[in-house]
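Only one chain comes next, encoded as C-alpha cells, the form predicted on its own.
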C-alpha cells in the first residue's frame, strides 16, 4: 500500500438520491476514523430528508429524499461538518472487543481453494503460502502468527449481509496486503476466513468470492433465525468499530465450538473498551497490546 494518502475530499452524485464521498484513495486509519466522525456527526443532527448513512473504509455514502433535502444542500452540510472536525482524533469511540476463533488450513476451505487453482496468481501454491511469500514472511506459519498477534478493527460491514471488513492494528508499513484472485471463485464455503487488499473478512454465507482463503471461523457471524443469544438484537453480529482478535484454534476446539453452536449455547467472548483515534494512530502496536490485555482480562 502506498504511504501517500490523497487528502482532497471528492464528492460524487449517484442519480438523484445518493451522494458518495471519497476521503482518501488509500485505505488508512486516518481516513477511516475521519469518515466515522463525519457520519456520526451527521447522524446526531437527525436531519430531515436523510434516508440512510453508509460508512465505508475510506469513504461513505448518503441516501436522501431529494424532495426534502437536495444533494447539493447535503454536500454543503457535509463540507461544514468536515471543516468543523479539527479534533476528530480526540473523539471517544466506544468499542466492543471480540475473540473470533479461526481454524486455519481447515479441510473444507482447503478443498474449495484447490478447486480453483486455475483462477489464482500462483496455481502451485496454496493461498496461505502465496500470501506469506509476497508479504516477506518466512513461512505460512509466520503469517498465521502475525494475524494471531495483532487484532483487527472493523471498518465497515457490507457487500453481503454481515460481512465485516477489518483492518489490522499495526503500522502501515507492516500491513499485510494481498491481491484478490485473478478470476473469482464460483464457490466459497460459509464462514470462510479470507484476506483481500488490506482487509481480513469472514464470508457469512456460501457464495462466490475472490479473496485469498486461509481458514474457517468456528462460530456464525450471521444468524437469520436469531437462535443464538448473541444475535437476539440483530441477525448480524459485527458492527463498525468492533475490534476482532482472530485467534488460531485446534480442530478439537473447533469441534467443541461447533457443538455449542448446534446446541444453542455458544457466546462470543467480548469486552468493552473506549479509545480515541489518536490512541490508535500514535502507536498501533502498543494499542493492539492494550486490546489483547483487556480482552483476556490481563491474563496474557
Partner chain sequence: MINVKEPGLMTTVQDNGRNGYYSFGMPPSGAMDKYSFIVANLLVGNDENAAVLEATYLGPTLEFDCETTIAVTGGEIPPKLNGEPFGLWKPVHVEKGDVLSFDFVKSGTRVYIAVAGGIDVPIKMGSRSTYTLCGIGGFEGRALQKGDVLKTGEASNPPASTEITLSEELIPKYGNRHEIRVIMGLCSYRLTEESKKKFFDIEWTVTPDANRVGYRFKGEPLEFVEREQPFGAGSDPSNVTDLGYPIGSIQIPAGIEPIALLNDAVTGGGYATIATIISIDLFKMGQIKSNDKVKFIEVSLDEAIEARKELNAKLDQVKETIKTVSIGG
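Residue numbers count along the first chain shown, from 1. Everything numeric in this text was worked out from a predicted model, so none of it was measured.
Below, we refer to the form predicted in complex with the partner chain, which is not included among the displayed structures.
- In the model of the complex, the partner chain stays beyond 4.5 Å of every heavy atom belonging to residue 148.
- In the model of the complex, at least one heavy atom of residue 27 sits within 4.5 Å of a heavy atom of the partner chain.
- In the model of the complex, none of the heavy atoms of residue 220 sits within 4.5 Å of a heavy atom of the partner chain.
- Although the partner is absent from this view, residue 180 contacts the partner chain in the model of the complex, with a non-hydrogen atom inside 4.5 angstroms.
- Looking at 107-115, 190-198, 85-93, 138-146, the stretch with residues near the partner chain in the model of the complex, meaning non-hydrogen atoms within 4.5 angstroms, turns out to be 190-198.
- This chain lacks the partner; the member of 247, 70, 271, 47 within 4.5 angstroms of the partner chain in the model of the complex by a non-hydrogen atom is 70.
- Residues of 203-228 that come within 4.5 Å of the partner chain in the model of the complex, judged by any heavy atom, are 205, 206, 211, 222, 224, 226 in sequence order.
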